[in-house]
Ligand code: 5GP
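In the form predicted alone, a lone chain appears below as C-alpha coordinates.
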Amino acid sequence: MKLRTADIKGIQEIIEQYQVFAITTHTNPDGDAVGSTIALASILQQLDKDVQVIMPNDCPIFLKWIRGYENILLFDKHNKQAKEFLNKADVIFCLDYNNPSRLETMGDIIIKNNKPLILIDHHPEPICDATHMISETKACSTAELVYRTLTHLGYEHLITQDIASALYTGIITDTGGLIHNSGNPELYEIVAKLMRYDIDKDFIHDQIFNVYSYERMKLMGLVLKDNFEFFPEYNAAFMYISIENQKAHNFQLGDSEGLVNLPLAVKDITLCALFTEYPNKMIKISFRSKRDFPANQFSADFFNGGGHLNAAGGRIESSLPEAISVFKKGLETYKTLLNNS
(Lines give C-alpha, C1' and ligand atoms only; values in the text may rest on other atoms or scores of the structure.)
Protein backbone atom coordinates (compact mmCIF):
# COMPACT_ATOMS: atom_id res chain seq x y z
CA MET A 1 0.00 0.00 0.00
CA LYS A 2 1.57 3.26 -1.14
CA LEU A 3 0.70 6.65 0.28
CA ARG A 4 0.67 9.66 -2.03
CA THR A 5 4.03 11.39 -2.07
CA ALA A 6 2.39 14.83 -2.41
CA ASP A 7 0.36 14.33 0.78
CA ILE A 8 3.34 13.01 2.75
CA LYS A 9 5.45 15.96 1.60
CA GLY A 10 2.65 18.38 2.46
CA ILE A 11 2.22 16.93 5.95
CA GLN A 12 5.97 17.08 6.48
CA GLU A 13 6.05 20.76 5.54
CA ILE A 14 3.13 21.57 7.85
CA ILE A 15 4.74 19.78 10.80
CA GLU A 16 7.99 21.66 10.21
CA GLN A 17 6.25 25.01 9.74
CA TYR A 18 3.77 25.05 12.65
CA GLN A 19 4.07 24.59 16.40
CA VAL A 20 0.60 23.97 17.90
CA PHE A 21 -1.38 20.86 16.90
CA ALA A 22 -4.83 19.65 17.98
CA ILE A 23 -5.52 15.97 17.33
CA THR A 24 -9.20 15.06 17.15
CA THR A 25 -11.26 11.92 16.72
CA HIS A 26 -14.90 10.84 16.63
CA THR A 27 -17.66 10.64 19.23
CA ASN A 28 -17.64 7.47 21.36
CA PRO A 29 -13.96 6.78 20.57
CA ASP A 30 -12.94 3.16 20.17
CA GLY A 31 -9.52 1.52 20.42
CA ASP A 32 -8.49 2.67 16.96
CA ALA A 33 -9.43 6.28 17.72
CA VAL A 34 -7.69 6.31 21.10
CA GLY A 35 -4.61 4.37 20.02
CA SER A 36 -3.97 6.31 16.80
CA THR A 37 -4.44 9.77 18.36
CA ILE A 38 -2.21 9.05 21.36
CA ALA A 39 0.49 7.55 19.13
CA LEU A 40 0.56 10.57 16.81
CA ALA A 41 0.52 12.99 19.75
CA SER A 42 3.49 11.22 21.33
CA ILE A 43 5.52 11.52 18.13
CA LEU A 44 4.76 15.24 17.74
CA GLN A 45 5.67 15.85 21.38
CA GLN A 46 9.09 14.33 20.72
CA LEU A 47 9.45 16.91 17.94
CA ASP A 48 8.94 19.61 20.62
CA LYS A 49 5.46 20.53 19.38
CA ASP A 50 2.62 21.79 21.55
CA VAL A 51 0.07 18.99 21.14
CA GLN A 52 -3.34 18.18 22.59
CA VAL A 53 -5.64 15.24 21.88
CA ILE A 54 -9.29 16.32 22.08
CA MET A 55 -12.18 13.84 21.97
CA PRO A 56 -15.92 14.67 21.95
CA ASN A 57 -16.56 12.34 24.89
CA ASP A 58 -15.02 9.55 26.93
CA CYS A 59 -13.93 6.11 25.77
CA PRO A 60 -14.76 2.76 27.41
CA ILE A 61 -12.87 1.99 30.61
CA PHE A 62 -11.00 -0.90 29.00
CA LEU A 63 -8.97 1.57 26.90
CA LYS A 64 -7.90 3.94 29.67
CA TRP A 65 -4.74 1.97 30.47
CA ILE A 66 -3.06 3.34 27.30
CA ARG A 67 -0.27 5.65 28.45
CA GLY A 68 -1.10 9.19 27.44
CA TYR A 69 -4.86 8.80 27.90
CA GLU A 70 -4.65 10.80 31.13
CA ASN A 71 -3.70 13.91 29.14
CA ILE A 72 -6.70 13.85 26.76
CA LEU A 73 -9.27 16.65 26.86
CA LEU A 74 -12.91 15.58 26.64
CA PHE A 75 -15.06 18.17 24.89
CA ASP A 76 -18.16 17.39 26.93
CA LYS A 77 -16.30 17.62 30.27
CA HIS A 78 -13.49 20.12 29.57
CA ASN A 79 -15.44 22.30 27.17
CA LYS A 80 -13.71 25.61 27.88
CA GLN A 81 -10.18 24.17 27.72
CA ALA A 82 -10.99 22.21 24.57
CA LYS A 83 -12.40 25.24 22.77
CA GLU A 84 -9.44 27.37 23.83
CA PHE A 85 -6.96 24.87 22.44
CA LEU A 86 -8.87 24.41 19.19
CA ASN A 87 -8.79 28.19 18.74
CA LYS A 88 -5.11 28.31 19.68
CA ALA A 89 -4.04 25.43 17.41
CA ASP A 90 -2.22 26.15 14.16
CA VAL A 91 -3.25 22.81 12.65
CA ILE A 92 -5.96 20.24 13.38
CA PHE A 93 -5.45 16.52 12.73
CA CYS A 94 -8.64 14.54 12.00
CA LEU A 95 -8.12 10.87 12.85
CA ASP A 96 -10.47 7.91 12.34
CA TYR A 97 -13.33 9.96 10.89
CA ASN A 98 -13.94 11.44 7.47
CA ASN A 99 -16.97 13.61 8.17
CA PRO A 100 -17.01 16.36 10.85
CA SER A 101 -20.58 15.38 11.70
CA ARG A 102 -19.11 12.35 13.52
CA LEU A 103 -17.89 14.80 16.17
CA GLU A 104 -21.36 16.33 16.61
CA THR A 105 -21.09 19.90 18.05
CA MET A 106 -17.30 19.70 18.22
CA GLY A 107 -17.26 19.17 14.46
CA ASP A 108 -18.96 22.53 13.86
CA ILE A 109 -16.15 24.30 15.73
CA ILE A 110 -13.49 22.58 13.65
CA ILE A 111 -15.20 23.58 10.39
CA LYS A 112 -15.55 27.21 11.48
CA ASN A 113 -11.93 27.48 12.61
CA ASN A 114 -10.76 27.57 8.99
CA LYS A 115 -7.33 26.14 9.82
CA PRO A 116 -5.23 23.56 7.97
CA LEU A 117 -6.76 20.11 8.43
CA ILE A 118 -4.87 16.86 8.04
CA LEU A 119 -7.09 13.80 7.72
CA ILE A 120 -5.86 10.26 8.38
CA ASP A 121 -8.67 7.74 8.07
CA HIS A 122 -9.72 4.43 6.52
CA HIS A 123 -13.47 4.93 6.04
CA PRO A 124 -14.93 5.23 2.52
CA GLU A 125 -16.24 8.38 0.81
CA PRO A 126 -14.64 11.15 2.89
CA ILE A 127 -16.61 14.35 3.34
CA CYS A 128 -13.98 16.64 4.78
CA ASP A 129 -12.29 19.71 3.32
CA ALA A 130 -8.81 18.63 4.39
CA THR A 131 -5.61 20.37 3.36
CA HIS A 132 -3.93 16.96 3.09
CA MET A 133 -5.61 13.58 3.26
CA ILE A 134 -4.33 10.07 3.96
CA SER A 135 -7.51 8.16 3.10
CA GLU A 136 -7.19 4.45 2.32
CA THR A 137 -10.09 2.02 2.72
CA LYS A 138 -7.80 -0.97 2.20
CA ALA A 139 -6.16 -0.24 5.55
CA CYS A 140 -7.53 -2.27 8.44
CA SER A 141 -7.47 0.72 10.79
CA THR A 142 -6.42 4.31 11.21
CA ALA A 143 -3.66 3.04 13.49
CA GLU A 144 -2.21 1.17 10.51
CA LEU A 145 -2.33 4.37 8.45
CA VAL A 146 -0.72 6.40 11.23
CA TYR A 147 2.12 3.87 11.38
CA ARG A 148 2.57 4.02 7.61
CA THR A 149 2.46 7.83 7.67
CA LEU A 150 5.05 8.03 10.44
CA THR A 151 7.43 5.74 8.60
CA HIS A 152 6.98 7.68 5.33
CA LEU A 153 7.72 10.89 7.24
CA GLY A 154 10.95 9.39 8.56
CA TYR A 155 9.78 9.26 12.20
CA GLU A 156 10.01 5.50 12.71
CA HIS A 157 13.04 5.99 14.97
CA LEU A 158 10.82 7.96 17.37
CA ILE A 159 8.43 5.06 17.99
CA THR A 160 8.64 3.86 21.59
CA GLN A 161 7.20 0.87 23.39
CA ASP A 162 4.21 2.98 24.50
CA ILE A 163 3.58 4.26 20.97
CA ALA A 164 3.84 0.74 19.55
CA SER A 165 1.38 -0.49 22.19
CA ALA A 166 -1.11 2.26 21.26
CA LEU A 167 -0.85 1.47 17.54
CA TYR A 168 -1.16 -2.28 18.17
CA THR A 169 -4.29 -1.59 20.25
CA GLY A 170 -5.84 0.30 17.33
CA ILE A 171 -5.10 -2.51 14.91
CA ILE A 172 -6.34 -5.26 17.22
CA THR A 173 -9.60 -3.55 18.17
CA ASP A 174 -10.59 -2.58 14.62
CA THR A 175 -9.92 -6.09 13.31
CA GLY A 176 -11.48 -7.92 16.26
CA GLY A 177 -8.17 -9.56 17.05
CA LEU A 178 -6.96 -9.80 13.43
CA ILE A 179 -10.18 -11.51 12.32
CA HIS A 180 -11.91 -8.83 10.20
CA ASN A 181 -10.46 -6.82 7.32
CA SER A 182 -7.02 -8.26 7.94
CA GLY A 183 -6.08 -10.19 4.79
CA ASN A 184 -3.23 -7.94 3.64
CA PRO A 185 0.16 -9.64 4.30
CA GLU A 186 1.72 -6.20 4.83
CA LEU A 187 -0.45 -5.77 7.93
CA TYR A 188 1.30 -8.70 9.62
CA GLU A 189 4.67 -7.20 8.75
CA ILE A 190 3.58 -4.04 10.60
CA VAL A 191 2.38 -6.12 13.56
CA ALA A 192 5.73 -7.93 13.62
CA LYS A 193 7.58 -4.59 13.65
CA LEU A 194 5.42 -3.33 16.53
CA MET A 195 6.12 -6.54 18.45
CA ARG A 196 9.85 -5.78 18.23
CA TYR A 197 9.28 -2.87 20.62
CA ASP A 198 8.69 -5.49 23.31
CA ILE A 199 5.01 -4.65 23.74
CA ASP A 200 3.03 -6.86 26.10
CA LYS A 201 0.67 -8.48 23.60
CA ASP A 202 -1.04 -10.72 26.16
CA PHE A 203 -1.71 -7.78 28.48
CA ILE A 204 -3.19 -5.71 25.63
CA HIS A 205 -5.50 -8.52 24.50
CA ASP A 206 -6.57 -9.14 28.08
CA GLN A 207 -7.37 -5.46 28.63
CA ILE A 208 -9.39 -5.21 25.42
CA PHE A 209 -11.30 -8.48 25.39
CA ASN A 210 -11.42 -9.79 28.98
CA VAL A 211 -12.43 -6.90 31.23
CA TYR A 212 -16.21 -6.92 31.05
CA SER A 213 -18.38 -6.99 34.14
CA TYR A 214 -20.64 -9.77 35.37
CA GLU A 215 -23.62 -7.49 34.64
CA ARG A 216 -22.49 -7.15 31.03
CA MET A 217 -22.40 -10.94 30.69
CA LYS A 218 -25.94 -11.15 32.09
CA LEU A 219 -27.04 -8.46 29.64
CA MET A 220 -25.53 -10.40 26.76
CA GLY A 221 -27.46 -13.48 27.85
CA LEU A 222 -30.70 -11.52 28.01
CA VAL A 223 -30.16 -10.00 24.56
CA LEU A 224 -29.46 -13.38 22.99
CA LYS A 225 -32.38 -15.04 24.76
CA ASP A 226 -35.12 -12.42 24.52
CA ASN A 227 -34.02 -9.61 22.15
CA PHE A 228 -32.71 -11.59 19.19
CA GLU A 229 -34.77 -12.25 16.05
CA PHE A 230 -33.70 -14.25 13.00
CA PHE A 231 -35.26 -13.89 9.53
CA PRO A 232 -34.22 -16.96 7.54
CA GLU A 233 -36.04 -15.72 4.44
CA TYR A 234 -33.63 -12.76 4.36
CA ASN A 235 -30.53 -14.39 5.89
CA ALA A 236 -30.62 -11.57 8.43
CA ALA A 237 -31.10 -10.94 12.14
CA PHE A 238 -31.30 -8.14 14.66
CA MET A 239 -30.83 -7.65 18.40
CA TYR A 240 -31.70 -4.73 20.62
CA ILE A 241 -30.81 -3.19 23.97
CA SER A 242 -33.60 -1.11 25.46
CA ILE A 243 -33.24 1.60 28.08
CA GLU A 244 -34.93 -0.76 30.53
CA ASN A 245 -32.32 -3.43 29.78
CA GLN A 246 -29.56 -0.91 30.41
CA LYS A 247 -30.98 0.19 33.76
CA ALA A 248 -31.49 -3.39 34.90
CA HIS A 249 -27.88 -4.36 34.13
CA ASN A 250 -25.94 -1.23 35.11
CA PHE A 251 -25.04 -0.54 31.47
CA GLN A 252 -21.67 1.19 31.01
CA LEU A 253 -20.00 2.78 28.01
CA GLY A 254 -18.50 -0.05 25.96
CA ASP A 255 -20.78 -2.81 27.29
CA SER A 256 -22.32 -3.35 23.86
CA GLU A 257 -18.89 -3.74 22.24
CA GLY A 258 -18.73 -6.92 20.14
CA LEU A 259 -22.36 -7.99 20.66
CA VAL A 260 -23.32 -7.23 17.06
CA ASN A 261 -20.77 -9.79 15.84
CA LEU A 262 -22.36 -12.73 17.66
CA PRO A 263 -25.17 -13.52 15.17
CA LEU A 264 -22.62 -13.89 12.36
CA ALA A 265 -21.64 -17.19 13.98
CA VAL A 266 -24.94 -18.55 12.62
CA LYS A 267 -24.25 -20.16 9.26
CA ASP A 268 -27.16 -18.62 7.38
CA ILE A 269 -26.91 -15.03 8.65
CA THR A 270 -25.45 -12.56 6.14
CA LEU A 271 -26.49 -9.30 7.85
CA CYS A 272 -27.12 -8.50 11.48
CA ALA A 273 -27.94 -5.32 13.37
CA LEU A 274 -27.80 -4.22 16.99
CA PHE A 275 -30.23 -1.47 18.05
CA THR A 276 -29.35 0.50 21.18
CA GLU A 277 -32.01 2.80 22.61
CA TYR A 278 -31.09 6.22 24.01
CA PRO A 279 -33.24 8.92 25.66
CA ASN A 280 -35.23 11.39 23.56
CA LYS A 281 -36.13 8.77 20.94
CA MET A 282 -32.61 8.33 19.60
CA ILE A 283 -31.72 4.86 18.33
CA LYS A 284 -28.15 3.97 17.36
CA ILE A 285 -27.58 0.93 15.16
CA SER A 286 -24.48 -1.15 14.47
CA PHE A 287 -24.35 -3.40 11.40
CA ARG A 288 -22.15 -6.36 10.49
CA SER A 289 -22.24 -8.46 7.35
CA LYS A 290 -20.46 -11.31 5.63
CA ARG A 291 -18.76 -11.55 2.27
CA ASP A 292 -19.78 -8.84 -0.22
CA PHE A 293 -23.04 -7.63 1.35
CA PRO A 294 -22.74 -3.80 1.74
CA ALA A 295 -23.67 -3.09 5.34
CA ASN A 296 -22.54 0.50 4.80
CA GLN A 297 -24.96 1.05 1.92
CA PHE A 298 -27.84 -0.53 3.86
CA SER A 299 -27.07 1.81 6.76
CA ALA A 300 -26.88 4.84 4.48
CA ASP A 301 -30.18 4.01 2.77
CA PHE A 302 -32.24 3.56 5.93
CA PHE A 303 -30.39 4.94 8.96
CA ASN A 304 -28.43 8.03 7.90
CA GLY A 305 -25.22 6.07 8.37
CA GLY A 306 -22.25 4.55 6.64
CA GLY A 307 -18.94 2.89 7.31
CA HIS A 308 -17.13 -0.10 5.88
CA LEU A 309 -18.49 -2.79 3.57
CA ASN A 310 -18.92 -5.29 6.42
CA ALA A 311 -19.04 -2.98 9.44
CA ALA A 312 -21.19 0.13 9.60
CA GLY A 313 -23.29 2.29 11.89
CA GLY A 314 -26.26 4.59 11.76
CA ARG A 315 -28.89 6.35 13.81
CA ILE A 316 -32.53 7.33 13.63
CA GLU A 317 -34.81 9.51 15.73
CA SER A 318 -37.73 7.22 16.48
CA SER A 319 -39.03 4.74 18.98
CA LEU A 320 -37.32 1.36 19.17
CA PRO A 321 -40.25 -0.49 17.50
CA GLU A 322 -40.32 2.10 14.70
CA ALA A 323 -36.59 1.70 14.08
CA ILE A 324 -36.95 -2.08 13.92
CA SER A 325 -39.83 -1.66 11.47
CA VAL A 326 -37.56 0.41 9.20
CA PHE A 327 -34.97 -2.38 9.37
CA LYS A 328 -37.53 -4.98 8.33
CA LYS A 329 -38.59 -2.86 5.35
CA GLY A 330 -34.93 -2.57 4.39
CA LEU A 331 -34.59 -6.35 4.42
CA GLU A 332 -37.36 -6.64 1.86
CA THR A 333 -35.66 -4.04 -0.34
CA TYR A 334 -32.36 -5.91 -0.14
CA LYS A 335 -33.82 -9.43 -0.21
CA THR A 336 -32.27 -10.48 -3.52
CA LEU A 337 -28.81 -9.28 -2.55
CA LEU A 338 -29.07 -10.82 0.92
CA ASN A 339 -29.95 -14.19 -0.56
CA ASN A 340 -27.12 -14.07 -3.09
CA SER A 341 -24.23 -12.70 -1.04
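Every value quoted in this text rests on a predicted model; they were computed, and no experiment measured them. When you see a residue number, it is the position in the sequence shown, counting from 1.
Unshown form predicted together with this ligand; subsequent notes refer to it.
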query	finding
Residue among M55, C272, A41, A312 with a heavy atom within 4.5 Å of this ligand in the predicted bound form	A312
Partner contact for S286 in the predicted bound form: this ligand, 4.5 angstroms, heavy atom	yes
Contact flag, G307 vs this ligand in the predicted bound form, heavy atom cut 4.5 Å	yes
Which of 47-55, 286-294, 33-41, 62-70 lines the interface with this ligand in the predicted bound form (heavy atom within 4.5 Å)	286-294
Heavy atom contacts to this ligand in the predicted bound form at 4.5 Å, residues of 101-120 in sequence order	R102
